[in-house]
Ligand SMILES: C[S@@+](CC[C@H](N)C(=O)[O-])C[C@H]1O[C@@H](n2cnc3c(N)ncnc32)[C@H](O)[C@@H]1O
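Only one chain is included here, represented as structure tokens and corresponding to the form predicted alone.
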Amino acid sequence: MRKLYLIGIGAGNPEYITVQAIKALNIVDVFFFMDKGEAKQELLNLRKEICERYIEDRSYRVVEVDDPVRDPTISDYTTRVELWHRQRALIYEEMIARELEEDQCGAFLVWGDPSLYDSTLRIIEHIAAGGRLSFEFEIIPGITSIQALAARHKITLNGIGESVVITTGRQLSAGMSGAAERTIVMLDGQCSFNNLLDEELDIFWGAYLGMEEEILLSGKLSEIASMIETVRHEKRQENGWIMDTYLLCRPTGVAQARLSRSGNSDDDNDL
């Protein structure tokens, strides 16, 4: 039976690949890459670089197809994304059926981790549920931009006994959750942190995490928000794309982050 691997490849640094991912790469016959256009060619090149770096003494094929574009005329966000997912599912299903033999393994290389703000897993589940194509699949976890952000800023994501909220810029525009001292924000193309300048918050921001172009900024949100927005706009124009993530936290949370970083916490195993 056909087998698919959804392999998390980390947040942009080829060395973020896990040993488990490398083992999976070396049994794959066909890699399926979605071409997002010239502006994002670097993302496609990174996937090819990972294959060239880690696959040893094994022949494999790469199949590239154009990624469908979300219809900008559909105003409702959920409807627009669901239609895009259905379009992708049709392409994936046809591609797998055409390019992968019954006894072969295929793989999608997923930026970050397949479980977090990525559509690949949902699409593969949709195809499997349709019952028209028989295959099994396995998930190989990857290092997310969240983990990379914390590592590069040398901070802990959670305070002692505190919760962490992971959300999107779209959701953040409605305000921070009162239940969490720390909020991690992804997919924020509109710099939604500007809606929170009146609040006493610190921000740890990172773009192109783990890559040569990596940018790290941190400080009081009210003081550096405009700088982050300017840098983000300039780098997106320069590179044609940008992936950024940030952590918002109350000043008390930052103090705890610094304490944890110095190794002076009460319990080294605190989660």
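Note that the structure is predicted; figures quoted are calculated from it, not measured. All residue numbers refer to positions in the sequence shown, first residue = 1.
What follows is about the form predicted in complex with the ligand, which we do not show.
Peer 1: Looking at I140, I155, M186, I123, which is the one with a non-hydrogen atom within 4.5 Å of the ligand in the predicted complex?
Peer 2: Looking at I140, I155, M186, I123 one by one, just M186 meets the 4.5 Å heavy-atom criterion.
Peer 1: Look at the stretches 107 to 115, 127 to 135, 190 to 198, 75 to 83 and give the one with heavy atoms within 4.5 Å of the ligand in the predicted complex.
Peer 2: The contacting stretch is 107 to 115.
Peer 1: Hey, in the predicted complex, is C249 touching the ligand, heavy atoms inside 4.5 Å?
Peer 2: Flag for C249 set to no.
Peer 1: Although the partner isn't part of this model, could you tell me whether L221 comes within 4.5 Å of the ligand in the predicted complex, counting any heavy atom of the residue?
Peer 2: Residue-level check for L221: no, no contact with the ligand.
Peer 1: With a cut-off of 4.5 Å between heavy atoms, is M243 one of the residues that contacts the ligand in the predicted complex?
Peer 2: M243 belongs to the contact set for the ligand.
Peer 1: At 4.5 Å between heavy atoms, is Y208 in contact with the ligand in the predicted complex?
Peer 2: Yes, Y208 lies within 4.5 Å of the ligand in the predicted complex.
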